[in-house]
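The chain below stands alone and is given in structure tokens; this is the form predicted on its own.
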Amino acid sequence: MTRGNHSAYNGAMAYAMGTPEIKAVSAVIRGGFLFRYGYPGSGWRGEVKRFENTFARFIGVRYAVATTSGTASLQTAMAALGIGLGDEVIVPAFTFMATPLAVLAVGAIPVIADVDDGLGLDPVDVARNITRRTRAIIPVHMMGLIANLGKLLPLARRRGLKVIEDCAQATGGRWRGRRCGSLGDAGAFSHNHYKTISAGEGGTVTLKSLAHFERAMIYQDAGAYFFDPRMRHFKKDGYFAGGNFRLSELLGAQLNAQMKRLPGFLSAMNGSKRRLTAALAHHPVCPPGPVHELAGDCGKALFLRVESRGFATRLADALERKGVGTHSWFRSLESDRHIYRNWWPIMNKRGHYDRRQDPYRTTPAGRAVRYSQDMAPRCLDLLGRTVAVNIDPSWSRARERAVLGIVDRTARSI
């Protein structure tokens, strides 16, 4: 698979897809029943239900709810936890714009905190940004890097805050042996074309509590009460107006096939990253940046931390010319939607097309919050000096050694 050209999607496209996925989707089409709910004998195969059960067991939680996207999963997670109008939710300055947009979608206000040296939500800046309106924090495990949950989780517990793990780019990652998405109050995953397992689109919410599960089911599917047998005993007075983020059986089948590949992806990429990290640990020019949890890292990329933005430019260009796929932010600090200052609807406080429904205009938190282009200086500095070398699960040891040699020689010679 071709990577490169400094695309926002480098190193993140579907790693493997073929006969198993084709067979799984074909079986659904032959059965003629594509809706996620059905009954045996109708052609319904129960692919989404099977995926939810498999995913919940894999992550280590009681409940998983499949949705149409990672953004829908974030919204559903917040609704499940009761986060809503005028609440404040702290998000990192380095994440895809979907994270703060999902906060706005439930009527809450995203508060932007800087990142730490590991490019995750900075616990110190989180503490600085907590107010009486703060209800939750969203640690984001960007590009498979695990946020510093060792400090963020205790901080949230002390301050009575909910924790929603944004695992969109870290399906299968671990913190101290536990899967990401099982450590906070909820997890939100994405399965679009650029994620570890892919169905083109899709997402999953992971939850521990029955009450949170029931609320998530209603929020993501107003018809769940009628369609899903698990909801038959739900109290009718708890029913509210939900939406429709239902996943189809086609995508469920695709994800079931991808789940069988996932352990292999994770083992291969994490192994490559650990070996490359050890080899470059004391490199005088391009050492790897700090990683909070290397053992549980998804291994999607090796993050090199260099001395200047200009050097990052030259290094990434040279590596690309030599066939090593990279991702870097030096050219896209002004445009990449993974960087806070390019979240135009957020920075301009345009929370809804209808001013009457815009939480920036209708809530005290929205009117009070202030954003500025320089509010997260560490994020801008670190991203400007970081070059990510993309890792592929198909790499052989020989390919690892070749990449290592190219990185070493190139960094020393430019």
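Residues carry their position along the shown sequence, with the first being 1. Just so it is clear, the model here is predicted, and its values are computed rather than measured.
Here the subject shifts to the form predicted in complex with a small molecule, a form of this protein not shown in this document.
The chain is drawn here without the small molecule; in the predicted complex, the stretch among 136-144, 155-163, 288-296, 177-185 whose residues come within 4.5 Å of it by any heavy atom is 136-144. A heavy atom within 4.5 Å of the small molecule in the predicted complex is found for exactly one of S328, S190, Q254, Q220: S190. Proximity to the small molecule in the predicted complex, defined as a heavy atom within 4.5 Å, singles out one entry of N148, S272, S248, Q169, which is Q169. When the small molecule is considered in the predicted complex, T71 lines it closely, a heavy atom lying within 4.5 Å.
Shown alone here, K195 lies within 4.5 Å of the small molecule in the predicted complex, counting heavy atoms only. Within this chain, G202 lines the site of the small molecule in the predicted complex, having a heavy atom no more than 4.5 Å away.
Looking at A98, you'd find a heavy atom of it within 4.5 angstroms of the small molecule in the predicted complex.
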